[in-house]
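Take a look at this single chain, the form predicted alone, given in structure tokens.
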């Protein structure tokens, strides 16, 4: 029995057993395609179709949207999503492709949308039939989110949108976008409003999606151009001018303060993938020769390897602490801290893997001699997106210092 299971309520105990039984009977097995590192790197229709089918299956079985109300497509349970997440991780299932929809759009829609809009959007979001993306960053407004300039002009019960969003993960597959817009140019924070927009239906007639090629050669990012896109006022969340407050709901969940509706680690490993954690790093070091012996036997590498093992274990225990209300001295501290540290630990682990492989690490995907199929170097290059997404590490440290520790703002 796991530590988490020992603390389960009767409802959670019953649900955990149900999850275990269902996953044992319905595990999808070896994927027919190479899976990317995370949902944010999905590039091909084959990858997406496989992962969407898995999410639909898990949703139909009640393992997704567990804690949402039944009338919006949820399971109507209490604090059971984390149980389903833990069991999916333990079973090494594929990740869920609709990560932005589940982790950011769903809670924002739940807290700020009309009942009609919730009932319209959430069931297909949970099932993965509608993929979602996030329209926040702009070429001139990345970390300074309040400076977005994509503008919506009101015309009766419609809004006409013009502007440019960038670094938009999954936009090439997305049906819907959560979109922060400026509706008043004379105000900064109070001049923002928040919409949900059906971008796929408008491709070629108000919306253009252009892939951005990353250093890895993948195209998970995109830029999205709005050219006189007309949307109905019913797609606005909350009041006009309240977009900043709605965006804070989104960011609260993106940064981990809300329970993400998708596993964040573990998962099914395809033929060419690997474990991008300390255990995977140790396995790599044991079979990689450095001189006349494995890298794992080199004292300097051993020190570095054990530092990553310790950091990863500390992070895991911090995540456990975050589930105990009595230990939360500040509602945002552990969540923000875990986002910051998890992204940097992942990056440092991948960087050490690159160091371990040495010159052979210059071999890339597809080369039969590349260590771990070239996947560690892919992980290292992708890791920079993780330390930028949801606010850069620098932004996270500022938030922790100013809002959690009460330190004065830097000048």
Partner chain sequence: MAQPKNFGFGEEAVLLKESAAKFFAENFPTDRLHALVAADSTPNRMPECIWTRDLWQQMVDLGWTMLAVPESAGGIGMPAVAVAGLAEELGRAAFPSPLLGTINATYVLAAAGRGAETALMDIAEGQSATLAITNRQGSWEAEDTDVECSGGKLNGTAWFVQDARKVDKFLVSARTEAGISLYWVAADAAGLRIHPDAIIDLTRDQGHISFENVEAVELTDEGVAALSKAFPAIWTMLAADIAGAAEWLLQATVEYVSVRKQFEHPLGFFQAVKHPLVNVMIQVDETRSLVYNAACAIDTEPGAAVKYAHMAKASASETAAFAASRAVQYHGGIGFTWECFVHLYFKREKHSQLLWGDAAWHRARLADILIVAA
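Positions refer to the first chain, counted from 1. The structure displayed is predicted, hence computed values, not measured ones. Here the rigid core means the biggest group of C-alpha atoms that line up within 1.5 Å when the two forms are laid on top of each other.
There is also a form predicted in complex with its partner chain; it is not shown, and the following applies to it.
Interface residue among 213, 314, 201, 89 relative to its partner chain in the model of the complex, by the heavy atom within 4.5 Å criterion: 314.
The partner is absent here, but in the model of the complex a heavy atom of 296, alone among 127, 222, 183, 296, sits within 4.5 Å of its partner chain. In the model of the complex, no residue of the candidate spot (117, 189 and 247) has a heavy atom lying within 4.5 Å of its partner chain. Looking at 279 to 287, 68 to 76, 168 to 176, 138 to 146, the stretch with residues near its partner chain in the model of the complex, meaning non-hydrogen atoms within 4.5 angstroms, turns out to be 279 to 287.
Remark: residue 303 counts among the residues lining its partner chain in the model of the complex, judged by a heavy atom distance of 4.5 Å or less. For residue 394, a non-hydrogen atom is located within 4.5 Å of its partner chain in the model of the complex, even though that partner is not displayed. Using a 4.5 Å cutoff between non-hydrogen atoms, residue 398 counts as a contact of its partner chain in the model of the complex. With a 4.5 Å cutoff on heavy atoms, residue 207 does not count as touching its partner chain in the model of the complex; it lies far away. Residue 173: CA moves less than 2 Å between the shown form and the other one after rigid-core fitting. The Cα position of residue 293 differs by 2 Å or more between the shown form and the other one after fitting on the rigid core.
Remark: with the core as the superposition reference, the CA shift of residue 313 between the shown form and the other one reaches 2 Å or more.
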